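Okay, so here's just one chain, in structure tokens, the form predicted on its own.
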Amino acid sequence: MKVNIREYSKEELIQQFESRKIPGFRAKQVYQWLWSHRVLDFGKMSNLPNTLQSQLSDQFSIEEITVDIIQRSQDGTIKVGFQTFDQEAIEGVIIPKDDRYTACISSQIGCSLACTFCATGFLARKRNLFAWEIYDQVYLLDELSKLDFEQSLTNIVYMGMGEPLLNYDEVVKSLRILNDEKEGLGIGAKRITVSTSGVARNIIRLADEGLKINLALSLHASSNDKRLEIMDINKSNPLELVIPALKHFYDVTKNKISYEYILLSGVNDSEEDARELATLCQDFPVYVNIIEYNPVDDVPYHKSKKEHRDKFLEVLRSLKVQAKVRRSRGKDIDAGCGQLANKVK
């Protein structure tokens, strides 16, 4: 069977070429075609000899994900359903706002965490995505952004389907490709955010990778008891493990960390919840994004009332916490936070 050439790092590709008596500089040329330009046909790699193009076609495959469905929201948000090489489905979203065009991308097919407020959590995790599948989402969403908005993507957030830090190796590999200015897409680290539900050991590893990306914690409750009610990951990764890991990330990168906090009526939206949240913001610089809950079928939660949301925000600000309400986008096409579940309207 042919091996997918995009599964190799540059160093591995050089070794593969040299083992076939192909000069190493040819591997570097192919690598640039694959990642700087997303050329997926050896015959279109114009600086390669015809004989080498044929040899590579005989010995390697180039897999890809493809656009399956495009849905456009009334607010300008675009949701894209992608089909993988093994006929699975994942989703990505473009969120236009002012002069920002943000791509929300997925890292797994399904999710294993089963957060009770999230539609994706009801899907079984089928497998991790490869780095090239993550890259393809960004590339294809960027092409679509240029078509619809005449603007390239400005920001990338790993906030789609799955838990990025449970697909650690492939996510880090994809980050390096996206960030690489010479042989990748050249997206600045400050414009990339990885969101995690709190995989403490891998937060520490990520800090030490030398990447200067942003980190967001899907917190959603400020005590272990409440967090455990809605997020099963808190069993293995309680706040006593997660908060020190975040502090390590800040100490190494000096990047302010954001807390994502979905307000659920009667669950986590009291003034006491706000004060507990403020306490978690004391150890290192934190920015809190208050998120409106998006309805999910057969889930017994409701959006917090406006007066409770406003009071929650007031308490945070009175305690010197930087916070704002992040308005939900794309709700009419199930593209909002927590709604991605391969559902077409």
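A residue's number is simply how far along the shown sequence it sits, counting from 1. Because the structure is predicted, anything quoted here is derived from the model rather than measured.
The following text describes the form predicted in complex with a small molecule, which does not appear among the structures shown.
- With the partner left out here, the small molecule still marks one of 180 to 188, 111 to 119, 129 to 137, 79 to 87 in the predicted bound form; by a 4.5 Å heavy atom cut-off that stretch is 111 to 119.
- Taken together, Glu63, Glu170 and Leu175 are entirely out of contact with the small molecule in the predicted bound form: none brings a heavy atom within 4.5 Å.
- In the predicted bound form, the small molecule sits within 4.5 Å of a heavy atom of Ile291.
- Heavy atoms of Ile262 reach within 4.5 Å of the small molecule in the predicted bound form, making it an interface residue.
- In the predicted bound form, no heavy atom of Asn268 sits within 4.5 Å of the small molecule.
- Looking at Pro164, you'd find a heavy atom of it within 4.5 angstroms of the small molecule in the predicted bound form.
- Contact with the small molecule in the predicted bound form, judged by any heavy atom within 4.5 Å, is made by just one of Asn202, Thr253, Ser145, Ser218: Ser218.
- In terms of contact with the small molecule in the predicted bound form, the residue from Leu280, Val296, Ala27, Leu48 that brings a heavy atom within 4.5 Å is Val296.
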